[in-house]
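Take a look at this single chain, the form predicted alone, given in structure tokens.
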């Protein structure tokens, strides 16, 4: 990654924090555990300039591998994939949360052809389970999933799990990097940094994170 790319990603992280898309406190997750941070990229629809920035950052990764269609996972990734489709003139499909009981009873909206390659886009990844809920219906109609690209890896081993099932999965950034940027720019305290790092270490299924001695390398300033 070039210095320019790194600066753009750093700006994105800081901007997401400023509008509380990246937020800190105590939040109950779907799993029932309490997290010291929360990422809500559904809020991007309120900030067009940020939606544009996120779509540009994702595009730089997506464009590196050939594909025919973009598919955003409902709901947070739908505005993101739509922005990418519009900005870069790439066709899009999307999976319905509920199958229509009338008309053509479609599961997937949009025009597609058997054998086309699809890049799946999502906002965050935890354990990767929701990605397979989208992959299966797409493959059931004869499409091929070429890659899964997410904006942020929460650190629960999702990309590794998806890759073990045979799919390329990449994350633009992760919580360790987000915390590093926010701490270095004075947005979070040392105490907040340590609290979040301990949570990531405790909940991570990624042995690379558990073996990374640099996770606790920051000194109080």
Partner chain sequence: MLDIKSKQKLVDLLYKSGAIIFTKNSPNNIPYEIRLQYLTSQPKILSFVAKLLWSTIKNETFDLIAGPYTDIPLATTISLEHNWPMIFIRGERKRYGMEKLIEGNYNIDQKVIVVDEEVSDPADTLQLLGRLEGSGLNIIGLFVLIDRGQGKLQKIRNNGFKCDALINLSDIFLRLFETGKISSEQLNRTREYFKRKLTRDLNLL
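Keep in mind the model is a prediction, meaning the values are calculated, not measured. Positions refer to the first chain, counted from 1.
Below, we refer to the form predicted together with its partner chain, which is not included among the displayed structures.
Q: Report whether all of 27, 43 and 48 sit within 4.5 Å of its partner chain in the predicted complex, measuring from non-hydrogen atoms.
A: Result yes, every residue of the spot touches its partner chain.
Q: For the interface check, one of 192 to 200, 165 to 173, 27 to 35, 178 to 186 should have non-hydrogen atoms within 4.5 Å of its partner chain in the predicted complex; which one?
A: Every other range fails; the passing one is 27 to 35.
Q: Tell me, yes or no, whether residue 137 is in contact with its partner chain in the predicted complex, where a contact means a heavy atom of each within 4.5 Å.
A: Although its partner chain is absent here, residue 137 would stay clear of it in the predicted complex, with no heavy atoms inside 4.5 Å.
Q: Though only this chain appears here, would residue 124 touch its partner chain in the predicted complex if you measure heavy atom gaps against 4.5 Å?
A: Because no heavy atom of residue 124 falls inside 4.5 Å of its partner chain in the predicted complex, the answer is no.
Q: Does residue 109 reach its partner chain in the predicted complex, with heavy atoms at most 4.5 Å apart?
A: Yes, contact at 4.5 Å.
Q: Just checking whether residue 86 would be counted as a contact of its partner chain in the predicted complex - the rule being heavy atoms within 4.5 angstroms.
A: Yes, residue 86 lies within 4.5 Å of its partner chain in the predicted complex.
Q: Using the arrangement in the predicted complex, list in sequence order the residues of 58 to 91 with any heavy atom within 4.5 angstroms of its partner chain.
A: Result: 75, 78, 79, 82, 83, 85, 86, 89, 90, 91.
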